[in-house]
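Take a look at this single chain in C-alpha cells; it is the form predicted on its own.
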C-alpha cells in the first residue's frame, strides 16, 4: 500500500503522551497507513490514543537536547503532545506523520482532479465491528422524501433530467420540480443558472402550501440576458395573485459586481411577481479566518477579561451566526407569516444558500428537529444538494498551509442549530453531542458519508458499495441513546430563535471542551437524566393507580345498582 512506503519509523518506545484532562502516559507509538496509535504498558497494554491521520491539521517540532517533542493540532480542535527520546527518531516520526498528513489533505483538496487517490483514505479500509441493521446509504433517498411530499400535494414531480449528471454536475440524479415544467425547460433553465443549478424544491410548508426553492445566481450579465423558462419555473410556485420573495445571500454591491463577470440577479422588470431582498452572508476565506481567530482566542489562557472579549469580538464568529440566523428567520417569516413562496440563492448556491434553506426548515418544520428528520435534512440540503465537503473541510483552525477552498460553512450551520437548541431546549430530540459528532465526522471520519464534493463524485467513487454510511452507525439503538435529549417534548409549532446579541453564546461544548473540563456539567446532565427517568417511573405508577381507582369505582357503582 502507498501509505506504508512513507513511514520511515513505524514504531517508537518510551514515548510520553500529553493530552487534555489525562495524566501523562508512557507507551509505544505505532504509525500505520491511516492511524497514529499509542499503547501504554500499563493497564494490560490498553490503547491510549488512536488518531486518524486525516484528523491532523498541523504539526510542530521542538527539541531540547536529545529529547524531541511533536505537537499535533487536530481538526477537532484538540492539541496533543508526544515526547520522543532521540532526535533522529523524533525527526523520522515527525516526517512520516507530516507525509501522511500532507497526502491525506491532498486527497481532500484535489478530489476533483484525482478522484482515485481518495480511495486510499481510511473509509475504504474501515470494517465495522458492529452488526449493520440499517444501510444508511439507502435511508434518505430522494424517492422516499418525495413520497412524503406526495401525501400532501400533487403539484410537484420527481425529475430524473440529471440522471447522468450532465445537466448539473453538483445536483443529484433526482430533483423535485413543479409538475407543469417539463425536462426540456429544465435543461434550458440550467444553461441560464451558474453551474447548471436551476431552481428546485427545498421545502413545502404544509400549513399554507407555500414553498422554498433554491438555486444559483442567474447568468444575466451586463447585457441583461433573460430566460423565459426560468421565469415560468419560479412563477409556477406562486398562488394566483400572490407575490414571492427572492432572498439573495450577497450584498447588492457584490451581486452587481457579479454581473460584470457574467453572473447577476433577477431584475424586477423580468420577474414582476417577485421582490428581491439582499441579506449578506459571508463566505470562503473570511469565515475560515474567523474560525482561526476564535480558536486562537479560546486557546490563549493568558489574557484578562477585556482582552478575551476583544479577541472574541474581533473573530466575528458570533456576527456570522447572527447574519445566518437573521436570513433564515426572514425566509421562514416570508413563508409562514407572509404566506409567500421563497427562492434562495447566492452565487454558486452550494454554501450560504444551504445554510439558509436548512435553518429555515428547522424553524418551520418539527420533523427537522427530530434525529431522523435532521439526518434527512443533512442528506437532502447538504450532501445531495452538492455542498463540497471534501474541499471545505480539508483544513480546520490550525492549518499553516495556504487556504484555497476551505471554509467552515457546515460548522457554522451546526453552531446556528446549537444556538437554536439552547434557546428551545425541549423542542429538539437530539442533544449537543449529536451536533459535535457531526462536526467531527465532517472533518475526519471512518465513514464515507462526507467524502466527495457532490453526488456525482460519490457515484464515481462507489461510496455506497465500498464504504460504511455514518447513519448506519448512528442509528443503532445503543449509539442513538447517547444523542437523545432527555428534555424533548414534540413541539408542532414554528420556533423563532432570537438573534439579539445577548441571545447568542460561544458554543463551549466545541470551542472550550479541550481547555476546560466538562466533568461537573456531565455529572449535572447525568443527574438530570436520572431525575427525568424517576419522574417517568412515578408518572407510570400514578397512571396505574388511577386506572385501579377507576376500576374500583366502576365495580362499586355496579354493586350499588344491583
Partner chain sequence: MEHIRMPKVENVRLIDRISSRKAALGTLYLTATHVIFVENVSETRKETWILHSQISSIEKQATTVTGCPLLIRCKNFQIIQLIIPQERDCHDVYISLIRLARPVKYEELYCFSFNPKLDKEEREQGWKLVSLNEEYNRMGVPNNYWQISDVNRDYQVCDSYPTEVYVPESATAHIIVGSSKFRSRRRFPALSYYCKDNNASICRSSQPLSGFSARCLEDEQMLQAIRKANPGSNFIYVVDTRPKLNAMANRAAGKGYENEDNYSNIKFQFIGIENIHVMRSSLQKMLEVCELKSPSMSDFLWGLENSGWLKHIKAIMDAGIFIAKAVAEEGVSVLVHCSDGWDRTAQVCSVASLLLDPFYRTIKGFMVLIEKDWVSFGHKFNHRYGYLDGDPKEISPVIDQFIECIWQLMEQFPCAFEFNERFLIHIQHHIYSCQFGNFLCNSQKERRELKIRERTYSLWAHLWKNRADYMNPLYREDHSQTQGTLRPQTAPCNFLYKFWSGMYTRFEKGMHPRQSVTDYLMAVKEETQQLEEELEVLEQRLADLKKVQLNNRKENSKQQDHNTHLGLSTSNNSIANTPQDYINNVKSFPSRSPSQGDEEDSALILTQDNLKSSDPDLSANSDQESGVEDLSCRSPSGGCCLPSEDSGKDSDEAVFLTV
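The term rigid core refers to the maximal set of C-alpha atoms that superpose within 1.5 Å between the two forms. Everything numeric here is computed off the predicted structure, so don't read it as measured data. Residue numbers count along the first chain shown, from 1.
Just so you know, the form predicted in complex with its partner chain exists too; it's not on screen, but the next bit is about it.
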Partner-facing stretch of 520-528, 48-56, 65-73, 33-41, counted where any non-hydrogen atom is within 4.5 angstroms of its partner chain in the model of the complex: 520-528
Within 4.5 Å of its partner chain in the model of the complex, all of 504, 549 and 553 (non-hydrogen atom): yes
Residue contact check: residue 542 to its partner chain in the model of the complex, 4.5 Å heavy atom: yes
4.5 Å heavy atom contact, residue 207 to its partner chain in the model of the complex: yes
Any non-hydrogen atom of residue 87 within 4.5 angstroms of its partner chain in the model of the complex: no
4.5 Å heavy atom contact, residue 229 to its partner chain in the model of the complex: no
Residue (of 286, 158, 238, 426) lying close to its partner chain in the model of the complex, criterion heavy atoms within 4.5 Å: 426
One residue of 304, 400, 223, 253 in contact with its partner chain, assessed in the model of the complex (non-hydrogen atom, 4.5 angstroms): 304
Residues in 247-286 close to its partner chain in the model of the complex, defined by a heavy atom within 4.5 Å, in order: 275, 276, 277, 279
Flag for residue 536, CA shift 2 Å or larger between the shown form and the other one after aligning core: yes
Residue 24: Cα shift of 2 Å or greater between the shown form and the other one (core-aligned): no
